[in-house]
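The form predicted alone is given below as one chain in structure tokens.
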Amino acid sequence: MNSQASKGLVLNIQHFCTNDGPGIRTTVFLKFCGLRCKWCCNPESIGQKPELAYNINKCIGKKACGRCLQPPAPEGAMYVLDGSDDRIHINWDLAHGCGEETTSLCPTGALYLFGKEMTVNDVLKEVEQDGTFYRESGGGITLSGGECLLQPDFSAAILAEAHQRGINTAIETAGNVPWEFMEKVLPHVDTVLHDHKLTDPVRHKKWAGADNKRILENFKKAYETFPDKTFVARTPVIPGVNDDEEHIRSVLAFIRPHKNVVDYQLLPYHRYGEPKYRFLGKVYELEDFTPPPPEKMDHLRAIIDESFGRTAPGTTG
């Protein structure tokens, strides 16, 4: 089979990204994830199949349209509340099987799908539009998700072909995959951005949906098996969950013996993905959480800088 024609499920392709690896990058978000992080900002990336989404603010109502109330949508999947403003509501238990046949009937785009099938060539055709920026900034393509390593054949094919075309490659991964998936993809990766969400396995399972035993085993094995790759550890900092010195120092103790782990980055919690939960008929569980204060982030980053022997701004070393 021609690897360039192999197919996978892509959520989105985002251009001009500056936080997903070195330089200016094009980030390709793949669908499917094995974790269930309560703070996830991409809930639409979790499922293994295309998912129906609905933005009620774009709906023009039954009287002006009403097309989604007819087949092929399952009976009762879409309905209008008595005494409401005429806009459509969704019975998510019935509507999850709705596909393009249903969403294509919506003239305003209120109904749409998260996820579409693409080939390697489809992906790289769009990625190469940004080739000039890669050459000038040292950027390239980053595969993210979801968990890109849960589509290992597709990811490996994209990255191998990107290398053939002279494009720098990176992935973002949480590492909760079979080792053979990592072993298949990492030979084609220049930079591995990998999450250390929580150190304690019980708390990791509580907040991320699985313990971290396999994750830590995978990362340690990856550091040792691929000494020529550049690894960057990261933690999404969630107030009251993992914003403590103990976690930061535990991660540092894990990564610092490995010289190919060149940095440890902290990503402050944000709520940018919250509206997407409503579009999917899901509940956002951290509605009472707020971003960590800047002074907290500064303190934790100072611990990392000290560990890496970096001098804080405004001081001399």
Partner chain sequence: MAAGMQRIAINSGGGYVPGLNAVVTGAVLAAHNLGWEIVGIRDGYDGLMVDDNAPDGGLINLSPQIVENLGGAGGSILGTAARNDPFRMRTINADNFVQEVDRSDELLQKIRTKKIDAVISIVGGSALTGAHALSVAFKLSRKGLRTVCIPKSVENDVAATALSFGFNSALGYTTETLEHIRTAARDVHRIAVVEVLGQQAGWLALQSGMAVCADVVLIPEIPYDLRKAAAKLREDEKAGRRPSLVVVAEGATPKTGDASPTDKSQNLQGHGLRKSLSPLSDPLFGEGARVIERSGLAAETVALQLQRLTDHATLPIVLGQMVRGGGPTAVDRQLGLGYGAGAVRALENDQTGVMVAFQPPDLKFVPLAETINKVRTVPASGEFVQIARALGISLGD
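None of the values given here were measured: they were computed from a predicted structure. Residue numbers count along the first chain shown, from 1.
The form predicted in complex with its partner chain is left out here; the points below concern that form.
Interface segment, criterion being heavy atoms within 4.5 Å of its partner chain in the predicted complex, picked from 159-167, 86-94, 194-202, 225-233:
Result of the contact check: 86-94.
Of 297, 303, 13, 17, the one that lies within 4.5 Å of its partner chain in the predicted complex (heavy atoms)
That would be 13.
Considering non-hydrogen atoms and a 4.5 Å limit, which listed residue (178, 138, 72, 239) is close to its partner chain in the predicted complex?
Of 178, 138, 72, 239, the residue with a heavy atom within 4.5 Å of its partner chain in the predicted complex is 178.
Contact check in the predicted complex: 7, 153 and 217 versus its partner chain, with a cutoff of 4.5 Å between any heavy atoms. Do all three pass?
Spot residues vs its partner chain: no contact at all.
Residue 210, heavy atom within 4.5 angstroms of its partner chain in the predicted complex
Heavy-atom contact with its partner chain at 4.5 Å: present for residue 210.
Considering non-hydrogen atoms and a 4.5 Å limit, does its partner chain approach residue 270 in the predicted complex?
Flag for residue 270 set to no.
Is there a non-hydrogen atom of residue 104 within 4.5 angstroms of a non-hydrogen atom of its partner chain in the predicted complex?
Answer no; every heavy atom of residue 104 is more than 4.5 Å from its partner chain in the predicted complex.
Though only this chain appears here, would residue 112 touch its partner chain in the predicted complex if you measure heavy atom gaps against 4.5 Å?
Yes, contact at 4.5 Å.
Residues of stretch 261-288 in contact with its partner chain in the predicted complex (4.5 Å, non-hydrogen atom):
Heavy-atom contacts within 4.5 Å come from 271, 274, 275, 276, 278, 279, 283, 285, 287, 288.
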